[in-house]
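Quick setup: one chain, the form predicted alone, written in structure tokens, and binding and motion questions come after.
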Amino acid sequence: MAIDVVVLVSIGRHPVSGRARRADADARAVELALGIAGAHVQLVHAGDPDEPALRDYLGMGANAVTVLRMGPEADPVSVLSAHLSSTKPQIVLAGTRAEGGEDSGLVPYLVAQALNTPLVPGIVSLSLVGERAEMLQGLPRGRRRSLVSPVPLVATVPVMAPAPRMSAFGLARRGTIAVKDADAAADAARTAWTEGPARRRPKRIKVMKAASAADRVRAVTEMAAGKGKVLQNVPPEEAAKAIFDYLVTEGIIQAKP
């Protein structure tokens, strides 16, 4: 018996060039869906149907991508939930996090809540046995956990899942992009945000390991011998400069040229 599997795909961004591409985690979700025996795989995207990167997913072997047309300021959760409520697929797959926009990773959770279905995070393998889905969940340090859940369900696919296949140019050109106009409301919270380049994360100070709590507190509060100095009864400007030089030396902040 054929089972309907929907994969939610988004537009990714290359981490170096910023060029639009297929999102890596979403492509791994498509790869996982194409490997399910007897599955009828459908791809769904909420956004711009003229985005060229959508054909990268078609080049993986999918016949079509259904695009729910909406503006860049609209909220995709309500649009995706309404579409999935009408089509009623047994399995919905999505990447753990998008590569552009809010990147919160909450869309699959909000969709599962709207559909009133369970969500299984971090799936690296999935197979169907009767009315149940048998899955392997990826855990830190390469560990795996076996899970079983009835369908329908929503699952997220992480970057530790098997790598996606290459996108074939011929398949990408022959695939179909089906457009549906969606009644999407604007995301009121997002309109008040300002976007900018990410800042470099501060470097953590190396803390010595010790056996007792007293030793750990002493290691945090005391400077190692020969690596610092004690200032007493100095002007505030000199103390501030000494603290600033220390933070620059440890790489916690960067001095402006």
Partner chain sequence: MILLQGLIGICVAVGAACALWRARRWFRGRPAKVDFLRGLLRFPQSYFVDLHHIVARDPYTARMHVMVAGGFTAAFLLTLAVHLFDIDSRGLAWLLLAFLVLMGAGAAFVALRRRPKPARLSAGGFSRLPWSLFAFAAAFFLATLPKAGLVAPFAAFSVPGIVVLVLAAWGCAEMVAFLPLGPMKHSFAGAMHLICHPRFQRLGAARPDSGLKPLDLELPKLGVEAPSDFKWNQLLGFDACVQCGRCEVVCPAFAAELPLNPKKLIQDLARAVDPGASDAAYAGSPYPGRPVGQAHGGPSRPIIGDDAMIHPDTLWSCTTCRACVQECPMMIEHVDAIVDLRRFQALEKGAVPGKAPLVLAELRATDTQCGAALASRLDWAADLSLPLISAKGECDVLLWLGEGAFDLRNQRTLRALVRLMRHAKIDFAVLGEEELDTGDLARRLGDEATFQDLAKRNAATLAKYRFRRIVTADPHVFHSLRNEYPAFGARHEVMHHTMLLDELVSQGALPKGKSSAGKTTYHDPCYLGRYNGEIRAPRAVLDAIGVERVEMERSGMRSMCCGGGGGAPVTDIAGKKRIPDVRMEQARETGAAVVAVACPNCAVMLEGVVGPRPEVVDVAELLLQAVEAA
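Numbering follows the first chain given and starts at 1. Predicted model only: the values in this text are computed from it and were never measured.
What comes next is about the form predicted in complex with its partner chain, which does not appear here.
Between the options Ser167, Gln137, Thr96, Ser149, the residue in contact with its partner chain in the predicted complex by a heavy atom within 4.5 angstroms is Ser167. Only one of the listed residues (Arg132, Arg174, Lys180, Lys88) places a non-hydrogen atom within 4.5 angstroms of its partner chain in the predicted complex, and that residue is Arg174. Using a 4.5 Å cutoff between non-hydrogen atoms, Lys241 does not count as a contact of its partner chain in the predicted complex. Among heavy atoms of Asn233, none comes within 4.5 Å of its partner chain in the predicted complex.
Applying a 4.5 Å heavy atom cutoff to its partner chain in the predicted complex picks out Val16, Ser17, Arg19 from 15-31, in order along the sequence.
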